[in-house]
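Next comes just one chain, in structure tokens: the form predicted alone.
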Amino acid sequence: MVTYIVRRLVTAVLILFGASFVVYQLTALSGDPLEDLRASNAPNREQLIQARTELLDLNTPAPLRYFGWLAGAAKCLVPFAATCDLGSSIQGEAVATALARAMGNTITLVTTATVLAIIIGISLGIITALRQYSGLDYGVTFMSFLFFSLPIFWLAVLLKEFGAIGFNNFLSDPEIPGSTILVVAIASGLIWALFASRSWKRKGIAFVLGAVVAAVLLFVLDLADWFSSPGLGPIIILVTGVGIAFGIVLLTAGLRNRKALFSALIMVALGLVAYYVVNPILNAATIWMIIIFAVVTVLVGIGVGYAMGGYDRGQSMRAAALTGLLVGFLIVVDRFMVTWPSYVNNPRVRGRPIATVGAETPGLDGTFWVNGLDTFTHLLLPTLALLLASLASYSRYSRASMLEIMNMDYIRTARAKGLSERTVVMRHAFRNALIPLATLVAFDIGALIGGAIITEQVFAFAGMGQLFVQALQRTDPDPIMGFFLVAGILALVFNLVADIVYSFLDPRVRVKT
């Protein structure tokens, strides 16, 4: 394995070397970095031209200039040396500084969109495979290809219009009219009916239940002025936590495993206690504090599951740990919700929290929770744009893979042995259905970074995409090469990760040493 990884890394370095040389030459031939100065009427035009020529070393031929850039880029490989030199932009800013700032925003955006697309897309694909040719299958297929076919820039504009401007207008006077409640109730009923079985009677019951639940929920939220002062509170956390406990146990162990179920419910009870104990401490929260709490929660869940025992302690430990982690997530979400009014009423936000441009609110000075909400509101629409565009591929691939697996002989053998459908799907089919998706995830990372260029332009998001486009317009080679370097490294690394994941998912696959 180590020999294989080293060989792949050496190959990746050679690929990056050749590709970066070609990109650098194409950038140098694409335009004149001095074009704006040549057309300038400034009295010191010649001095400005001379200064930029020296800054970018334009007197040196492009092929030789590339090796100067490469020598500076090679310094980035020296750990803790702080000598990384990727050149300078036309404005004189160090590319390493600008890239570090932009890279954090883009990687946060792309990572969030990718993780959500994987979770939601694979879940929808597997569910529709198990419900093949049902209304749910047709509905998910239609919506997936609808969003896949929409140009991402148009999708982003629609999100800005209805997801930001429309919702911000609603928040200025958060009253839900009866017509809106009726439309949402009908939509909710249709969604519930899609998830119901093929019996028309059950679909009708599901439609009525879904419509009534949505209508009552919206009416109660409107009556309580929840959209102005949101929050979950201990009761909602308790009820949701119990539902999470049953859902996780159902998927991971089966409800017959009472030890696993009791372990998960104990974690819900401990989470409710932690809601009152931890809340005062969270006033001075930091990201590291949240991470430490998450690790402690997982360890406590593992301990509870181990102490409960049962015929399979591993199932109890997994169920308790996952339940505790999700209940902790609910507590964090509740804290963000409680902070929402102070964020919305901040003079910098001015009552319009859903951002349409930028990666952060300029001059906003607040607590961890206020800054977290600011990051969330700026990431919301760009993430949705990338998520909806990439959802179709994950759902379709996972559906096709699951259908192929479910028709194989070993699945029929597992059913013939009397195993429950949950065991057949989760233990025997699900893992094998993930194998083709490992490659898709690796390629999709590069595609999402490419999509982020357009999305960042629409939302004026200060990321690598905006840095790349601005550099391209100015024929500024060093920022372009910085973008290419990061994108190329990510693509090569994730392809290597895909090969390694293959060997873990499929025991028949072994990397060559």
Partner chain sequence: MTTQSPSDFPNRSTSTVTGPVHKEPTPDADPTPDVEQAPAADQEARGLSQGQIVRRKFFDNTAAIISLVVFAIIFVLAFTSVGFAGIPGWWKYNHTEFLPLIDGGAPTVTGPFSWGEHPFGQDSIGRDYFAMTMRGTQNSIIIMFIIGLLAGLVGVVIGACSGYFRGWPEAVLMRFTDIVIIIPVVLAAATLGQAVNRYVGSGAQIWLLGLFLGLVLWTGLARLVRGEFLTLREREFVDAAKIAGASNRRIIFKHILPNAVGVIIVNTTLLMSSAILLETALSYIGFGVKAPDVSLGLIISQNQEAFQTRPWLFWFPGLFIVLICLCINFIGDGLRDAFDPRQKKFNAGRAKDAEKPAAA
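Positions refer to the first chain, counted from 1. Whichever C-alpha set is largest while still superposing within 1.5 Å between the two forms counts as the rigid core. Everything numeric here is computed off the predicted structure, so don't read it as measured data.
Below, we refer to the form predicted together with its partner chain, which is not included among the displayed structures.
(request) Please name which of the stretches 145 to 153, 363 to 371, 213 to 221, 281 to 289 has residues with heavy atoms lying within 4.5 Å of its partner chain in the model of the complex. (result) Among the listed stretches, the partner-contacting one is 145 to 153.
(message) Residues T60, E93 and V115 are flagged as a possible site; in the model of the complex, is every one of them within 4.5 Å of its partner chain by some non-hydrogen atom?
(response) Spot residues vs its partner chain: no contact at all.
(request) Could you spot which one of A462, I453, L56, L34 gets a heavy atom to within 4.5 Å of its partner chain in the model of the complex? (result) For this set of options, the contacting one is I453.
(request) Report the residue, out of L251, A187, L158, I205, that has at least one non-hydrogen atom within 4.5 angstroms of its partner chain in the model of the complex. (result) Going through each option in turn, the one that passes is L158.
(request) Give a yes or no for P436: in the model of the complex, does one of its heavy atoms lie within 4.5 Å of a heavy atom belonging to its partner chain? (result) Within the cut-off, so yes.
(request) Please run the contact check for R313 against its partner chain in the model of the complex: heavy atoms, 4.5 angstroms, yes or no? (result) Flag for R313 set to no.
(request) Indicate whether its partner chain has at least one heavy atom within 4.5 Å of a heavy atom of N407 in the model of the complex. (result) N407: yes, in contact with its partner chain in the model of the complex.
(message) Can you work out whether A102 and its partner chain are in contact in the model of the complex, taking contact to mean some heavy atom pair no more than 4.5 Å apart?
(response) Result no; A102 lies far from its partner chain in the model of the complex.
(message) Just to make sure I understand: among 4 to 26, which residues lie within 4.5 Å of its partner chain in the model of the complex, judging by heavy atoms?
(response) Contacting residues: T11, I15, L16, G18, A19, V22, V23, L26.
(request) Answer yes if the Cα of V23 shifts by 2 angstroms or more between this form and the one not shown on a rigid-core superposition, and no otherwise. (result) No; V23 is a residue whose C-alpha shifts by less than 2 Å between this form and the one not shown when the cores are overlaid.
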